[in-house]
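Below you'll find only one chain, the form predicted alone, shown as structure tokens.
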Amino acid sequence: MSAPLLDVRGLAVGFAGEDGLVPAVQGASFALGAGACLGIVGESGSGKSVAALSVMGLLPPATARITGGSVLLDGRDLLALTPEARRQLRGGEIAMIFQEPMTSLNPAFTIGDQIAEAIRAHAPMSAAAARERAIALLRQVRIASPEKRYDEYPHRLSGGMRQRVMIAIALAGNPRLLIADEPTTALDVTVQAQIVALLRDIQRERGTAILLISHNLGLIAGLADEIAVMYAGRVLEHGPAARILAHPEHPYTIGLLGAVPRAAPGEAPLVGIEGSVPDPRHPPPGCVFQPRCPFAEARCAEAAPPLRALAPGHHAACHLAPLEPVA
């Protein structure tokens, strides 16, 4: 088997607090092959966005500390690079789509100028050539009348169109790895489906690997080849998307699937997960999910379960797994 494009091993990240370092990611490991899509799913506070920012090298240096692990891109540890070397990788080797375009786009410049700036940052060329390439990117992300939209300001566009502009900017440097952090936040379901379809086409046509971050397992299901489920800074389950969706083995994954809206009337009602993500300063004993787990036993509060292989490529951190016979 070929080595993965991205290989995150034992990543640990904390943030400075009044009483010391507060853990945000604790020993997370996941890998992504070239041209594939890995979906990282979990509630707010699970550590998935912090993990993505660690890969990008965009954690705030004043407060964030990477305390362990490695982030390998083609076998090269990004955490060992200088800040300048990380900057050179961003946009070219790795690019990121953030969840709120209006906090990333500059309201004082047209969208065309912002795309052209990203293009010229990675491939010096004339302004006219950059304009033509920017228009081509707008067309590729399915913005109608791209020549006209080039001269529009961000506030003149809908939320879905602004997110398409962010995707165009991310593609400007032809990255091999695209990180999409909650790319459909605040968009209606129809536009969400369009954005997912666009990302799928980009993956297929360009061979771009995609790391998709979301709290919505239904959204992840539409694009990911593999899924990693994060909770309280830990990876609780990971494996092939088709298998996890059909045979989830961690109670938290089962709860996330139960909270996915059904399209057909008369299907099983939505079932929420009681409680909330624990305070990282005061984690529960044993399994971090056991206070919310409907299957928890006494042993679950005594020791944290390790990730165990249940089937080829499918791992879960649960004392009770497998919850159903493994095929």
Partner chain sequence: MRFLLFLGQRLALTVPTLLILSVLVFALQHLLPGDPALALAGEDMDPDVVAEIRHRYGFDLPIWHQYWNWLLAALQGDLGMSLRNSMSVVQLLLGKLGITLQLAVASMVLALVIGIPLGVLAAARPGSFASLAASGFALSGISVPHFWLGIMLVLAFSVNLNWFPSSGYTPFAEDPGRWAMGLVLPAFVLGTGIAGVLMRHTRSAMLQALGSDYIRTARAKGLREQRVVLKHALRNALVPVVTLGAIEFGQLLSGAVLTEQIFSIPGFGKLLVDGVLYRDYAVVQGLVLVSALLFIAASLVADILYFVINPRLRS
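Predicted model only: the values in this text are computed from it and were never measured. Residue numbers count along the first chain shown, from 1.
Below, we refer to the form predicted together with the partner chain, which is not included among the displayed structures.
Heavy atoms within 4.5 Å of the partner chain in the predicted complex: which of the stretches 232-240, 118-126, 134-142, 209-217 has them?
Looking at the other structure, the answer is 118-126.
Name the residue from 34, 301, 58, 271 that puts a heavy atom within 4.5 Å of the partner chain in the predicted complex.
Only one option qualifies, and that one is 58.
Of the residues 149, 176, 247, 90, which one places a heavy atom within 4.5 Å of the partner chain in the predicted complex?
The option sitting close enough to the partner is 90.
In the predicted complex, is there a heavy atom of the partner chain that lies within 4.5 Å of any heavy atom of residue 156, even though the partner is absent here?
Yes.
Heavy atom to heavy atom, is residue 113 within 4.5 Å of the partner chain in the predicted complex?
So residue 113 counts as contacting the partner chain.
Using heavy atoms and a 4.5 Å limit, would one call residue 105 a contact residue for the partner chain in the predicted complex?
Contact check for residue 105: yes, within 4.5 Å of the partner chain in the predicted complex.
Does any part of residue 84 reach within 4.5 Å of the partner chain in the predicted complex? Heavy atoms only, please.
So residue 84 counts as contacting the partner chain.
At a 4.5 angstroms cut-off on non-hydrogen atoms, which residues of 157-193 are near the partner chain in the predicted complex? List them in order.
Sequence-ordered list: 166, 169.
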